[in-house]
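Have a look below at one chain only, the form predicted alone, in structure tokens format.
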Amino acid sequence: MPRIVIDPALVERYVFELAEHGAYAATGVWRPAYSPAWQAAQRQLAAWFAQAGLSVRYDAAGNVWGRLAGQRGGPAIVTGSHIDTQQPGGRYDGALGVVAGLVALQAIFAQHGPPRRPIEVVSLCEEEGCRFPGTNFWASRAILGLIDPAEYETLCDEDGISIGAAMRGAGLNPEQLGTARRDDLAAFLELHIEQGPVLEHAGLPVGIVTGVTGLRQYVVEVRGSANHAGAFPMDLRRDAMAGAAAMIGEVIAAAAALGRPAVTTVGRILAKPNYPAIIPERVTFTVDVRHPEAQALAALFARHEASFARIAAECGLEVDWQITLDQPPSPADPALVELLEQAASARGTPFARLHSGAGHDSLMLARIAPMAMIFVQSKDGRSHTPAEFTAIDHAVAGIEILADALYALAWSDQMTR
């Protein structure tokens, strides 16, 4: 397999110029889906795709695709990631994966000419779900044809703007979202920053991902009785906060006791009434549960739900919970994992096998195509913050592996199945 030469200066230029669209403070990026900054970033990528010799198109969701037609037809090899950010986020989450795909295709095409099989890089319109809560992989769900038309007007941002209205403001027609569906992907490869500290702690630049974690998110509501904080005896209280605190402590302890890679997070809590001298009548909190193995994940769900019910009964409280997101684990394609490992070994690039604790578009697109992921080291494990940083030499190490794998799949036609 010939080595593809990747230009570090080009990678750095693309990353920093893309970050100008939605730049926030010194190092952050604020680029929610369908915002003016998002529109400018997608236009920039479309221009870069065209300059690299790719044919460019927007689909109905606002995903931007750059394509090299193969010397023969058939399903396309696809790489890419998402372009939206947290509010605020950093320069690398998602965006580096799009830049990686562009740089890889640009380098292979310049050095080896047209591919045998069609190959594409995609800048996915939305993955974070931060502007429109409930979108949950809007871009990849559009590609899968899984968006309910009712979502266009019911999913709104904090200003009350529906995602359908935001799409129209960006020049898109939500009624045409069905046309974004694809069923012709032969493989999907995604490069992403790790968003955790494992690679840095191991002193490794790159990780080959064996699978994307399963996850479930709950909203739990605990109900008791509001009373005076001083005059009402402790033994007579129906204190929703005390019950919620016990539940929170127990579910976090359960994941800690199970050990890595199990994780449980309580990220949001709301009390009503929310005053210092009133016993809360109602407490609502979120629980995020993740594990890459289906059996362990199911056991963790059952244990957490049993804790909710038992503690509420012991405290004389009422409890209800709603599952707001439920994604099973998604293993990476073994043949693609082997291909990435072979590419890393051929270059002498040290790597580790690891699972992804975060959800990615690869989790969804694995439903229609073999998928695999490459992680590159995140400084201090930071992500979803302006402080996130990935060194260019680590990024290039990942892009070299990506490029070698794409060459094998599309130029030498080394398909996995």
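Bear in mind the structure is a predicted one, so any value in this text is a computation, not a measurement. In this text, residue numbers run from 1 along the sequence as written.
If you look for the form predicted in complex with a further copy of the same chain, you will not find it shown, but the lines that follow are about it.
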Heavy atom within 4.5 Å of a further copy of the same chain in the predicted bound form - residue from 134, 149, 249, 328: 249
Please identify the residue among 144, 204, 170, 241 with any heavy atom within 4.5 Å of a further copy of the same chain in the predicted bound form. 241
Choose one stretch from 114-122, 268-276, 336-344, 136-144: the one whose residues place a heavy atom within 4.5 angstroms of a further copy of the same chain in the predicted bound form. 268-276
Although a further copy of the same chain is absent from this view, report whether residue 46 comes within 4.5 Å of it in the predicted bound form, heavy atoms only. no
Residue 310: heavy atom within 4.5 Å of a further copy of the same chain in the predicted bound form? no
Mark residue 288 yes when one of its heavy atoms lies within 4.5 Å of a heavy atom of a further copy of the same chain in the predicted bound form, and no otherwise. yes
How about residue 183: is it within 4.5 Å of a further copy of the same chain in the predicted bound form, going by heavy atoms? no
Counting only heavy atoms, which residues in 232-247 are within 4.5 Å of a further copy of the same chain in the predicted bound form? 232, 233, 234, 235, 236, 237, 239, 241, 242, 245
